[in-house]
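In structure tokens, one chain follows: the form predicted alone.
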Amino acid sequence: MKITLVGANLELEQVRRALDVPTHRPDLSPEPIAAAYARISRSEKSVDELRSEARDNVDKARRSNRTIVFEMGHSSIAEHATFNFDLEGVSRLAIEAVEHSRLASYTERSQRYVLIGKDIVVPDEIRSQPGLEPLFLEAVEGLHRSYRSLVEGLVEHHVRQAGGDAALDRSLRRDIDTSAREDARYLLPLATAGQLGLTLNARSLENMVRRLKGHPLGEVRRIGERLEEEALAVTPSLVRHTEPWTWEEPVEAFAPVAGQREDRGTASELERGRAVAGEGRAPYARLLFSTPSPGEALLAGVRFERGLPPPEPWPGTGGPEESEGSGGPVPRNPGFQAVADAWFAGAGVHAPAPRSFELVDFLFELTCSAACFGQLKRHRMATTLAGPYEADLGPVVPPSVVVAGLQEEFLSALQSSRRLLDELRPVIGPGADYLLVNAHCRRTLFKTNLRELVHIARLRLDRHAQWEIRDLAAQMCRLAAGRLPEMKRWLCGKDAFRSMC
């Protein structure tokens, strides 16, 4: 056996300094590795020889890549080249557009832990309209002032609750500062500048660039263009088809249909959505569909992996009584209960659920704030279809703001920016979204399987999780457990899991 590390992420600036070269050199491109690996399937040579040949003739390697990836259609070869990008001075709204891509890794400056400064992004749509920039700056700067005031007010409240400054040690003071920033950030506008570390391969980059260059926001289109420019300087043979898709949505697709909800929500939902603040919302989850006969389907999958014959018919496909959507509570399946208990009792807290758990799906309709959605979207293996942010849904008001008596100040700050938001919407369309804040809500269709839901539960129901995503995840898990009672005790946070095992 021979296993050799032949490549690893290196900071290009460090390489340039070490070699005393100011610009990109072809022999420092990841393209030779991609070209060598592309030849593995059709060459008798060792991979060492293939890599050596590709390194010695980069132009030939690039021609080979273009032929294999784009003419022969073997796009997976581009996945052997990876990139790391720093994104700085981009808005929270634009970062959300970037992070829509599944097959990438992101690390974003957290508004929960960092005291945010006054850096903001003025969108292209505002700059292009005479007289709008001063109004926009006044509104977002006002939100930032309110954010700072809210941080101070929440810190004072938490200090009083803890018994005053004299009772605070360094750890408790840090927790108080974090809690205050975490909840005050609900007032930060989506125009707030942030920074992001992005890692992805060339194939994923090409897809991301194509999507970003077709985005309705000018800032997002420029991000796509800059990502493309930077990548082409290093790997011109692996990033090629980057023109955005163009298609027109058929008007008839948006005509009213029978049974469509005209009020965007039932009375019971809206009642459930009222927060303790009186004028805000709480996160809300509704189960739209789940796999019929989930316990039987999971047990059948486990048996199939052991070489036993599949049931006829497969659970959930036997007749109309099994295919009526989510339905009501179902009885426990002793067979699957034994499998689930044995698996989780023997697995560690960080072990993923078995792949057979992917046989059971859940489709939820979720309503949550931008602050919460920023965490929800990180579960990229789920199918997430997010609607637009809607100021009319009502903001999520953090409970600490209410308890501290700062609710009026919070809502007043939102009302000031809301007036300008309503004025700008007809003028600049989606560019007005920069005036939305983290407290504003959107509706999301969220389809996940049981395996991913176990992961969501471990992470988001843990006591360290942020309160809104914890509330939303708890609702999702309760609804799922209603259809799959065998999983009720195992859909829990890491802290609860450790106490059970």
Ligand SMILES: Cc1cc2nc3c(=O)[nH]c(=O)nc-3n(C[C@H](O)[C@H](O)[C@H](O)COP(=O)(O)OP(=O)(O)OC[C@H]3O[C@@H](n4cnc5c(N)ncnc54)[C@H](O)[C@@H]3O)c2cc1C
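Every value quoted in this text rests on a predicted model; they were computed, and no experiment measured them. Residue numbers here begin at 1 and follow the sequence given.
The same protein also has a form predicted in complex with the ligand, omitted here; what follows describes it.
*Asks:* Taking Ser110, Met381 and Glu452 together, does each of them reach the ligand in the model of the complex with some heavy atom inside 4.5 Å?
*Replies:* Every residue of the spot touches the ligand in the model of the complex.
*Asks:* Flag Ser105 as yes or no: does it have a non-hydrogen atom within 4.5 angstroms of any non-hydrogen atom of the ligand in the model of the complex?
*Replies:* Yes, contact at 4.5 Å.
*Asks:* Since only the chain is shown here, I'm wondering whether Val47 would be in contact with the ligand in the model of the complex (any heavy atom pair within 4.5 Å).
*Replies:* Although the ligand is absent here, Val47 would stay clear of it in the model of the complex, with no heavy atoms inside 4.5 Å.
*Asks:* Taking the ligand as it sits in the model of the complex, is Leu459 in contact with it (heavy atom to heavy atom, 4.5 Å or less)?
*Replies:* Because a heavy atom of Leu459 falls inside 4.5 Å of the ligand in the model of the complex, the answer is yes.
*Asks:* Is there a heavy atom of Arg42 lying 4.5 Å or less from a heavy atom of the ligand in the model of the complex?
*Replies:* Close contact is absent here: in the model of the complex, Arg42 is far from the ligand, nothing within 4.5 Å, heavy atoms only.
*Asks:* Which of these stretches, 155 to 163, 97 to 105, 333 to 341, 427 to 435, has heavy atoms within 4.5 Å of the ligand in the model of the complex?
*Replies:* One stretch meets the cut-off, namely 97 to 105.
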